[in-house]
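Before any questions on binding or motion, here is one chain by itself as structure tokens, the form predicted on its own.
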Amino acid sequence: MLRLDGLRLVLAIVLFAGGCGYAFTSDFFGKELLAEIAIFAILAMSLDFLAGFAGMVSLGHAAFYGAGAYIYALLSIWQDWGAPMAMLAATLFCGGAGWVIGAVTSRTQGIFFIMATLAFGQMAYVYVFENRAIGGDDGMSGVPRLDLSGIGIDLNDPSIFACFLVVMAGLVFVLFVWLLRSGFGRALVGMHRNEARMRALGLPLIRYKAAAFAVAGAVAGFAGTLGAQHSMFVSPDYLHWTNSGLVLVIVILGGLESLIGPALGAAVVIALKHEISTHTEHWAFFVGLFLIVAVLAGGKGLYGLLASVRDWAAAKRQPGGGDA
């Protein structure tokens, strides 16, 4: 079960308030950077739910992200669906696909599970890349954004759109907190801790793993619909395994099984990516070095580092803590 302690709550509030404030005070590049961070924070939280809490490390997570983006684009451009219905359909489709993939891959474990998810992801990537009917490697442009002008919100304004994405990330965080504190979430964590014991208790493991995959896939697909609206363009790169790897790096750097850590990791990795790429195209090399240092420093990520500082400060305040 996720324990919503003071550190998680404070970090969530700081990231949310800081993101909303930055959306209205930064320049255009800053707003675009914030929008990308919010989208990847949603994607990273969905992977942390799957890998950190349910114990299923996936290298095909970008397939759900890309599928959500493409389905939203196809329905809104070709079928002339309204953005809300297209977003809902894309999210539900990715959830259904996640259920099927989860039911199949959950029968394997370890490296075989990881490779199975990678295979599904690459199958989706190759299909989109070679399908000229949906643009092939050229992608699709002209993707519309959600129209909230009826309630006085103009999402074509970069500040408002960036703030909207931060709000969406905050709602996804609340959703996962609720799920992980429910009986379903406790069962997933128990399954991760001791699968044999949960099986002995009669828990239908395949069903629970498939459900976890469905939830993570649906949220990743939702992030894809937001990514398509952000760039107003979709391409096969959305589904490539390197995006899955990048999201996994974000989760590990932020802190597995912390939920708020991946959001912090998204801010750090995306900011580093854009800052370093202005000087060299080999930005991934330096981000990789940063990740190695973080892992060697304890492997608990940025959230774990902050938790250690909090515990150290608490120990110092105790009688005799200075001597200790």
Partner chain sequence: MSDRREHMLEARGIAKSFGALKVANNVTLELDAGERRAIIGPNGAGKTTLFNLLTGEIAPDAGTVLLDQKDITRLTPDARARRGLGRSFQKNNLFRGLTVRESLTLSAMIALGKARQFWRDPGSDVEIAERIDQTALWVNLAGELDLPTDALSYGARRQLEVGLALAARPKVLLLDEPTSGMSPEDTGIMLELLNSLPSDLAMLIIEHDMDLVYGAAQRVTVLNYGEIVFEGTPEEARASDEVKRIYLGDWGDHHA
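Since we're looking at a predicted model, the values are computed, not measured. Residue numbers count along the first chain shown, from 1.
Missing here is the form predicted together with its partner chain; even so, the following discussion is about that form.
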query	finding
L179, A187 and L201 each touching its partner chain in the predicted complex (heavy atom, 4.5 Å)	yes
Heavy atom within 4.5 Å of its partner chain in the predicted complex - the one residue of Y208, F161, F113, Y238 that qualifies	Y208
Heavy atom within 4.5 Å of its partner chain in the predicted complex - the one residue of S149, N156, Q79, N194 that qualifies	N194
Proximity of R317 to its partner chain in the predicted complex, heavy atoms at 4.5 Å	no
Touches its partner chain in the predicted complex: G183 (any heavy atom, 4.5 Å)	yes
Segment assignment from 123 to 131, 245 to 253, 92 to 100, 171 to 179: heavy atom within 4.5 Å of its partner chain in the predicted complex	171 to 179
